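The data below hold one chain only, encoded as structure tokens and taken in the form predicted on its own.
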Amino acid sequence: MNVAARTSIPAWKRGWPWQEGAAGRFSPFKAVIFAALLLPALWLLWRTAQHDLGPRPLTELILQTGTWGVRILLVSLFVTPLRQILRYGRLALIRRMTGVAAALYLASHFSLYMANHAFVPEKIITEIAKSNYLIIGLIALICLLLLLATSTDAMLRRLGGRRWQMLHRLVFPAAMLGAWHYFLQVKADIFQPLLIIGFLAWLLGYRLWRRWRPQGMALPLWAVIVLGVFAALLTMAIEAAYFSWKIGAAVVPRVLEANLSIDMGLRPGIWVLLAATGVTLVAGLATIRARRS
């Protein structure tokens, strides 16, 4: 097929998530990622059909869609660092897909929240206005929906590359607000919110550090190591500060000791350190491969 024929294919016929390029050819890589992004939704639909969501199914759906939305948002933010660390440009193909999926999960999260209030505007507005964590979550969602609305190639052309990039940097404050919302809304178990915060700390640290590097240059291996240690220590410090606020300062040594023991399972800070260590190893292997080639 020649170039003229490829470009004459209607956009809707070559714009499916599992397609790639102007010709709209099938991409196994993108298809696998698309299927993976669908799995949480299919799992929740199956649990709903099986009446396996507990005594308050709508509340459980609200929690699960919000949790998966934040997780997938983090995955979308990890695409660029991993593409640079692995020196694998094809990862850029899934950045938009994962970002769109995160926004859709979080939009579903809010839609289910409204359904839980029978879509009565007065009840919804009153509930949000009196809860700080709901206001924070709504601001994060508005930012993400704005990015979703401008995620198309047509909007990129209309806004221009520079303005489009500046607008889409809103994803970082949106992610921070989303993590904060998640942390504030939990009642007792802060394990997953702490994981999210730790990974987000690594991501933000990476982006900030990269801004000081020459264009196109990857971070040195020692910087990746420092980022991992920093994110893990910050996660531990936030955990200690939380329990100090909830229980008292006397508990801080026990919280820090728990991070050095496996008797109570691995704490969030240790998981962040292990994940960062994995990234460091991958970065080291990618560096060796690049020097040999």
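Since the model is a prediction, treat every value here as computed from it, not as a measurement. Residue indices: 1-based, along the sequence shown.
Below, we refer to the form predicted in complex with a small molecule, which is not included among the displayed structures.
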property	result
Full three-residue contact with the small molecule in the predicted complex, heavy atom 4.5 Å, for Gln84, Leu227 and Thr280	no
Answer range among 137-145, 76-84, 150-158, 92-100 for contact with the small molecule, defined in the predicted complex as heavy atoms within 4.5 Å	137-145
is_contact(Ile128, the small molecule) in the predicted complex, heavy atom dist at most 4.5 Å	yes
Proximity of Leu204 to the small molecule in the predicted complex, heavy atoms at 4.5 Å	no
Proximity of Leu167 to the small molecule in the predicted complex, heavy atoms at 4.5 Å	no
Any non-hydrogen atom of Leu194 within 4.5 angstroms of the small molecule in the predicted complex	no
Single option in Ile62, Leu234, Ile33, Leu44 placed near the small molecule in the predicted complex, where near means a heavy atom within 4.5 Å	Ile62
